[in-house]
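The data below hold one chain only, encoded as structure tokens and taken in the form predicted on its own.
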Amino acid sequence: MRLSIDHRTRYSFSQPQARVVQLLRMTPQDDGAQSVINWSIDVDCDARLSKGRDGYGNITTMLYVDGPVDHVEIMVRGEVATDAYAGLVSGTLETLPPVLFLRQTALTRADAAIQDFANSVCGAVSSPHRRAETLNVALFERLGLRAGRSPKTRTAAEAFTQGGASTRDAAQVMIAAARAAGLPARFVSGHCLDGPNAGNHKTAHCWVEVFVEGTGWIGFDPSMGRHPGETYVRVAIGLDASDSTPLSGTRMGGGIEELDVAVHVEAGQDQ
């Protein structure tokens, strides 16, 4: 499948800013399931872009804008050819050992409720692969999924208790439960043609990869109760959402900041 992606982010400031610095994790890479045909990052003002990699192997772009500036619009566009791969991850740049992804974070710490849920779902299942499969389906059925974004500070424990989870929340709950079951798990950010947010163009997509000894990393999407496949574009990974968020940064200046994000994914014509 050939997927076209248009991701636009606009920052508006009530007062001119002296400087704006942003870290972008918005560039996908070739792997066993996807090939990047073309990709570009454009800014609507004078800016300096510096490309690099973070510790997880994600492609990063540092963006520097010197003011005075009252808005910044970032336009990310590209096309990616994808294959149906039933979740099995291959051809990725692996910079860290799987055991690292057993580490808890503030956003993915399993409380007693998540631990009890993981035990009840996985207690009688001996196969690590089957434990991950069971967790994925059980969380899809347990969480009341909703379209749109959730607060960046919302933890897995809060999302599990409160329900109404976004795709970001569902991924972090899955990570917490998988680690509680002894399975290394990592957060994945990217895009999806037919996910819960397909109709509102307000956010990118999130899912999870779980490491199974003897098999490798396998993708699971608890917001859909399935494996990611040819309708997905994988962009960045991390221990939790904060490690793979598409944009983060700072600004020098007062006033109020407003953020508007629009993401559009569509199927193109295969060549």
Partner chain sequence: MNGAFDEIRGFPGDTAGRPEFAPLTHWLETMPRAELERRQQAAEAMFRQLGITFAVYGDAEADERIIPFDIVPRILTAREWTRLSAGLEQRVFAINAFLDDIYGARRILADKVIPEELALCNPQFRPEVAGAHPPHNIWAHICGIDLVRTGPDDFWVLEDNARTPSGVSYMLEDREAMIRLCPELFQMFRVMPVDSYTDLLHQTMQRAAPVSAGGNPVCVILTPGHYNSAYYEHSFLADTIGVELVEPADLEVDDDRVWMRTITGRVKVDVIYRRIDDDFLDPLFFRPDSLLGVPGLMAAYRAGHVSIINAPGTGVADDKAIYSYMPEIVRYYSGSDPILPNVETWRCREPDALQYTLDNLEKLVVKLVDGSGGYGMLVGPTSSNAEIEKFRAILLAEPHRYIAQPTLALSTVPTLVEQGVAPRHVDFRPYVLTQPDGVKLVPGGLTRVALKEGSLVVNSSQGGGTKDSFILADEGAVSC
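Please read these numbers as outputs of a predicted model, since none were measured by experiment. Positions refer to the first chain, counted from 1.
The form predicted together with the partner chain is left out here; the points below concern that form.
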If we take heavy atoms and a 4.5 Å cut-off, which stretch out of 54-62, 229-237, 28-36, 216-224 is in contact with the partner chain in the predicted complex?
54-62
The one residue among T95, S90, Q162, N119 placing a heavy atom within 4.5 Å of the partner chain in the predicted complex is T95
Contact flag, S12 vs the partner chain in the predicted complex, heavy atom cut 4.5 Å:
no
S50 versus the partner chain, in the predicted complex: is there a non-hydrogen atom within 4.5 Å?
yes
The partner chain contact at R130 in the predicted complex, heavy atom, 4.5 Å
no
Just to confirm, V137 within 4.5 Å of the partner chain in the predicted complex by heavy atoms?
no
For the stretch 79-114, I need every residue with any heavy atom inside 4.5 Å of the partner chain in the predicted complex, listed N to C.
T95, L96, P97, V99, L100, L102, R103
